[in-house]
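First, one chain by itself: the form predicted on its own, in structure tokens.
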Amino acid sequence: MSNTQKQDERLLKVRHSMSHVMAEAVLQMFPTAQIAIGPAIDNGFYYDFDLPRALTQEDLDEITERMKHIIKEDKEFKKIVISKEEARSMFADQVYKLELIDAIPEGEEISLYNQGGFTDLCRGPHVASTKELNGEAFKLLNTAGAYWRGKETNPMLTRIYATAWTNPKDLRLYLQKLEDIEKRDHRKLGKELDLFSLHEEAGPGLVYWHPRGARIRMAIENFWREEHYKHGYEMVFTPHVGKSWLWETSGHLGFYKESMYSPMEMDKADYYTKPMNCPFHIMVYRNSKHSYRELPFRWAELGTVYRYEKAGALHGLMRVRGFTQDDAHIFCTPDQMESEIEEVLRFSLYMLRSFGFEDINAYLSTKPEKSVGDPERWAAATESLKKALESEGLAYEIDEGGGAFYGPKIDLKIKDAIGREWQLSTIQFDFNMSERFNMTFVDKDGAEKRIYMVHRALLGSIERFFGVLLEHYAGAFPPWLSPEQVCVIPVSEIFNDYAQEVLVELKKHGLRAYLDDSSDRMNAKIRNAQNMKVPYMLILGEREMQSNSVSIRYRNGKQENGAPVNDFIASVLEVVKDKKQL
């Protein structure tokens, strides 16, 4: 076992043990509380409780002090194995524990862990004693509501989130990271920078794009479309609703109905808003017969789809109910499969890197136990994914058996500016749809053969990708994406005419520029532009007007005086063309 693995295992034990310590502290304060589950999670742990009242910050402070006292008592974590009947007797007054006990198969071992003042259903692992926990290396973070077992029809419990580490230094570093995450929160930045909003009047999870946000979105989408045409794709546009038989044939009504909006009855038929674009692209393919000579088809669409996410799962732009998928489908012959996968992987990496993401990890998911499709097709498809990854020199992890039932896939995950991993690109084979819709092509021998179908998303969805970009750059987008690239600031109103001339010249070259000719003082104008993360501010006074030049104030505070207007425009156009960050 590597040192990293040992450290991870140690942290898991620490966090799992801390969750038990927290539960004991809560029961000391609220002896009649019902306890549910308390697992270790990434960067910490939580425990769910059914409490007689809502918790306050003062309650969390008291729980913290009680936990520190329990830790100092040096309590041993002891494993106990009992029968199901004994477990039911022991937890007779704990309704959630009884439900968990009843779900355990007959004859299966039931293990508990006791630490003196508290016993819990648990498989472990734990540290040997509370003395191995550091009372200065944990923090209770916040509380949240959580439905028991994640079902909205079940009782709402109080979840206490916490973090725990092996030493105070790691705790401080993590809390600093949380502060950074809070500053970068796309919901906060979206409001401050006037980019988007969400309104209950339209229903939760549906986004309103403001003019500044729409500018950025248009820059993303225009680049997306241009590059797709350059890479041999054609664009399609498809409807937002489809008859029920389409979703029955695709399997969505059988496997995905809970995540679809309720049907609308029209013309004595049920119509559903689309949760995915693929059945519509398939209908375009099925519109006529196709020969191997026509293939491959690469069809792309920025298609808006609708999924009924639970209200508690909605999160700004990251989890919404209506979003625009960066979607494409590739229809190819078996002979074309390998080269197509290599090309789409190269394209995916190019797109992610163009937006400034360089730290990219790949994950290959292979055939699960339950699957559809010819095993030989699975093997060939999986091999083509492996070869594509290896041809790009891309390190990857294999998730054995982790593929969808309908095909293997590659997921690409990027790391943002503060080290968080986000899953964006997906390249997914689909042996299910081609069978369900009887999709074929006429091969060289004149026989009809099954088409290979690949789902492919480069950015994921425009909404979520926008949110990731916003947090990655903390709102300070590179100039090519900035809603306003240049703010023109005359030092007084007598230079407004010259400022207007400069503005016209900037716009003539396609730059997104605006003039601040308000009555504010110059420093206030600069501060306003900086607060809106504008990359360039042009300060214009007597000297600049006389020499047909500009003084440049960069977003980062750097200053450059007396630059000729044409030279400034040329430099910005180069930065925009090369998609550089300031």
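Computed from a predicted model, the values in this text were never measured in an experiment. Just so we're on the same page, rigid core means the largest C-alpha set that superposes within 1.5 Å between forms. Numbers for residues come from their place in the sequence shown, where the first is 1.
As for the form predicted together with the RNA, it is not shown, yet the points below apply to it.
Residue stretch of 539-547, 59-67, 509-517, 24-32 approaching the RNA in the model of the complex, non-hydrogen atom distance within 4.5 Å: In the other structure, the partner sits against 539-547.
Residue 101: touches the RNA in the model of the complex, heavy atom cutoff 4.5 angstroms: The answer is no: residue 101 has no heavy atom within 4.5 Å of the RNA.
Exercise: residue 224 in contact with the RNA in the model of the complex, heavy atom 4.5 Å: No, residue 224 is distant from the partner.
Residue 43 within 4.5 Å of the RNA in the model of the complex, heavy atoms: Heavy-atom contact with the RNA at 4.5 Å: absent for residue 43.
Partner proximity in the model of the complex: residue 117 to the RNA, non-hydrogen atom cutoff 4.5 Å: Heavy-atom contact with the RNA at 4.5 Å: absent for residue 117.
Among the candidates 492, 244, 339, 391, the residue which, in the model of the complex, approaches the RNA to within 4.5 Å (heavy atoms): Contact check passes for 492.
Answer option from 168, 312, 419, 239, heavy atom within 4.5 Å of the RNA in the model of the complex: None of the others qualify; the residue that does is 312.
All of 77, 110 and 432 within 4.5 Å of the RNA in the model of the complex, heavy atom check: Checked in the model of the complex: no contact with the RNA for any of the three.
Any residue of 332-352 that, in the model of the complex, places a heavy atom within 4.5 Å of the RNA: Nothing in this stretch is in contact.
Core-superposed C-alpha of residue 187 shifting 2 Å or more between this form and the one not shown: No: residue 187 shifts by under 2 Å between this form and the one not shown.
Shift of residue 151 between this form and the one not shown at or above 2 Å (CA, core fit): The answer is yes, as the C-alpha of residue 151 shifts between this form and the one not shown by 2 Å or more after core alignment.
Pairwise C-alpha change, residue 309 versus residue 405, in the model of the complex against this form - closer or farther, 3 angstroms or more: Relative to the shown form, the pair is closer.
Sense of CA distance change between residue 260 and residue 401 in the model of the complex, threshold 3 Å: Closer together, which means the C-alphas of residue 260 and residue 401 are at least 3 Å nearer in the model of the complex.
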